[in-house]
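Heads up, the chain below is alone and in the form predicted alone; it's given as structure tokens.
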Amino acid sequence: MAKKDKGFLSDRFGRRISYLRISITDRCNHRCTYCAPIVEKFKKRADILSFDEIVRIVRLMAEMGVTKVRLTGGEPLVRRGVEDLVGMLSEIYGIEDLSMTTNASLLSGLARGLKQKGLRRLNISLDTLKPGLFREISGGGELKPVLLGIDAAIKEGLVPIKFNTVLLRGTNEEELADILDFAADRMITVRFIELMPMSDRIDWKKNYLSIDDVLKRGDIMERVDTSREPERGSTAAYSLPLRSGRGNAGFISPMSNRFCGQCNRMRLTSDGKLRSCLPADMDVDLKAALKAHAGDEELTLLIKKAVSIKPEMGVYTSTGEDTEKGMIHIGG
């Protein structure tokens, strides 16, 4: 029997909330410069949401109109039993799209199980195809396991796959066309993402490269079909088809072209904070309520409270030099 929906979640600005990003761990096997802070304090196991707690929160939010869930981290694949969580979430009535963002380094051994349990698609972080530069950006990670993970995901049908490529001036800007070609050979969309001031390990001002700068590059423009109407999603991010007909190039500009007016998402941190906005330190502690044995009605009210404090526009108060909370802790 289908469960009765409790209506739709909307914030005070009339934006309907249908998308929940869940950080299932703050731990990661990489230390990317734009993500991890210099000083890291990982959560204790007892402070991390259990799978049952995550499922309960998602079930309640699905009853309120959330249809899309993305698992993030840290690196979600480092959490033991992640396939079981995927299976539990895939069975929740109302969840139509279950996806994951991963660095793919552990994916080759997990892709089949994830697919069988109900994961639909993947976003994979890929900032360079050069092994040496990959080690530099990722803080010592290796490129080969990532490439094996990509191949495994394609083989198991975890598609469509998208590559998330963070734009880093002076680091990978000369390689962007090569990444597009690599993706096109595999019918994968590349999403170029502007660097955000979310880590004190990198000089944001020095390394920032805007989408406009990328679109001025001849090697990019000769690959992108600008005669076609851009495809736009629920935010101001957009994509253009490649002239080769194999895949697309996506452009996400959180700094130069804010898309807060169309934001439909909330973020659940690994320690149970329901966060209304990425740069704004505004959240509601669901973990505390769960520890206090809150009922569904009380949790529902707390979820609505978190949505009600969602700001009209998020403001990045830092330029990276004094960031206390890195993306690795908030959830990518």
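What you see is a predicted model; the values in this text were computed from it and never measured. When you see a residue number, it is the position in the sequence shown, counting from 1.
Beyond what is shown, the protein has a form predicted together with a small molecule; the following relates to that form.
- In summary, among the residues 183, 198, 249, 82, the only one with a non-hydrogen atom within 4.5 Å of the small molecule in the predicted complex is 198.
- The partner is absent here; in the predicted complex, the one residue of 266, 66, 28, 303 having a heavy atom within 4.5 Å of the small molecule is 28.
- Heavy atoms within 4.5 Å of the small molecule in the predicted complex map, among the stretches 209 to 217, 94 to 102, 141 to 149, 169 to 177, onto 94 to 102 alone.
- Residue contact with the small molecule in the predicted complex: residue 108 places no heavy atom within 4.5 Å of it.
- For the chain shown alone, residue 156 is not a contact residue for the small molecule in the predicted complex, no non-hydrogen atom being within 4.5 angstroms.
- Within this chain, residue 35 lines the site of the small molecule in the predicted complex, having a heavy atom no more than 4.5 Å away.
- Heavy atoms of residue 237 never reach within 4.5 Å of the small molecule in the predicted complex, leaving it off the interface.
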